[in-house]
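Listed next as structure tokens is one chain, alone, in the form predicted alone.
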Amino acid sequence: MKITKRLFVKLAGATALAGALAGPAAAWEPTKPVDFVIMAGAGGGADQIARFLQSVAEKKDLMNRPLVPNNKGGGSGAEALIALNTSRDPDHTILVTLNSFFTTPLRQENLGIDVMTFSPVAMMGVDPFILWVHKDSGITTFEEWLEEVKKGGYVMGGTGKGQEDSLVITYLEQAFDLDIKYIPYKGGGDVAKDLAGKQVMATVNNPSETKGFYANGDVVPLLSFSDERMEAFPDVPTLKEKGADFSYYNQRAVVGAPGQSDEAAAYYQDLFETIYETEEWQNYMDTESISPLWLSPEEQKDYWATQVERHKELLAAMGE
């Protein structure tokens, strides 16, 4: 068939008419429940946040298919990273992360995980760390704590090995010439529980993980690892006030599996931006002492690259 200008116009008109009758292309939506993987055990900060996000999505009727929380905290989060990296359905697999998103691939190179291949979805905020002791220890200041630790035999617990808690504790050891026995746990909830039960002597839990025990008067905050004093703990000094130029925060983010389609990524980005802007999430950040930090997908990738380099340095300093 010879394509003349007249025929081209007719074909174009027919195509346009067909498009008009068919209507706009439907945006991508999940066709089955979404695997909402959590790279930590039950009860910790990541687990609490994931389940809260799921509850907001359900309450606001934001999804046509549910988010299904799925704890995979084994191997300092390696279990979760492997699950996403090998997912057969990346469009229906997303992950709630913490800083083990950076540290675990660095410590376990045999996993073959490159976090830069994951899909950025949402940075929901950053969570500071606090040094906690049991009330029965009688310790009320950081200086008293240092004296007690230097007596020897001091035991602390934290989430994972080579993860956030152990990095912070190792920094304290190196900065103040301390020797601390460290016991790794699968999640921050168990860490906080064992401090309240006096199975360990101190922790560096995030505030949300220790909130209930603090409210009951079981534990005492001595020091924060934030840049400035926290509004919820105005009488708790920062480590920087003690002369150490160090602060540390846990990312509270959602990422998609490698190979996730652009359409699915856009769906989840819109979903979690909507959740971020809800009154429920804003109140949650306030009550759980999470610092707001919304980042665009491009900014998230830049943040990841920066954090990978920073954690290389921190791990090297602790001999990892």
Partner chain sequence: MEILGLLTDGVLVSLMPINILLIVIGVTLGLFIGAMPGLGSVNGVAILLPITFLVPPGSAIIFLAAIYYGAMYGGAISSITLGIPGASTAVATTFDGRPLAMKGRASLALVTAALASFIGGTVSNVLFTIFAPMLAKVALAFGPPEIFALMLLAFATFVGLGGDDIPKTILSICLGLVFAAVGFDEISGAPRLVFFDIPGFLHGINFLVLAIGVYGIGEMIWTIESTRGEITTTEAKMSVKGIVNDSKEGMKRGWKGTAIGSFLGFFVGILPAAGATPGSLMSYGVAKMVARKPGEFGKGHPGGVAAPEAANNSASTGAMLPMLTLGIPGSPTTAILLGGMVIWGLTPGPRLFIEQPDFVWGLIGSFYVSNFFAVLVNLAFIPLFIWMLRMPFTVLAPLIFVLSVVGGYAATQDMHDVWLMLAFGFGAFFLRKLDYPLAPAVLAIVLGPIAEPTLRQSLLLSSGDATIFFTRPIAGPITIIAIILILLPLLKFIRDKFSGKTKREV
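C-alpha atoms forming the largest set that superposes within 1.5 Å between two forms make up the rigid core. All values derive from a computational prediction rather than experimental measurement. Numbering follows the first chain given and starts at 1.
The form predicted together with the partner chain exists for this protein as well; it is not shown, and the discussion that follows is about that form.
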item	value
Sole residue of 152, 112, 212, 237 within 4.5 Å of the partner chain in the predicted complex, by heavy atom	212
Interface residue in the predicted complex among 229, 242, 135, 181, criterion: non-hydrogen atom within 4.5 angstroms of the partner chain	181
The partner chain contact in the predicted complex: residue 58, any heavy atom under 4.5 Å	yes
Exercise: residue 120 in contact with the partner chain in the predicted complex, heavy atom 4.5 Å	no
is_contact(residue 276, the partner chain) in the predicted complex, heavy atom dist at most 4.5 Å	no
4.5 angstroms heavy atom contact with the partner chain in the predicted complex for residue 75	yes
Contact test, all of 90, 102 and 168, partner the partner chain in the predicted complex, heavy atom 4.5 Å	no
Segment assignment from 221-229, 187-195, 121-129, 138-146: heavy atom within 4.5 Å of the partner chain in the predicted complex	187-195
Residues of 77-111 having any heavy atom within 4.5 Å of the partner chain in the predicted complex, listed in sequence order	78, 79, 82, 107, 108
Post core alignment: residue 33 C-alpha displaced by 2 Å or more between the shown form and the other one	yes
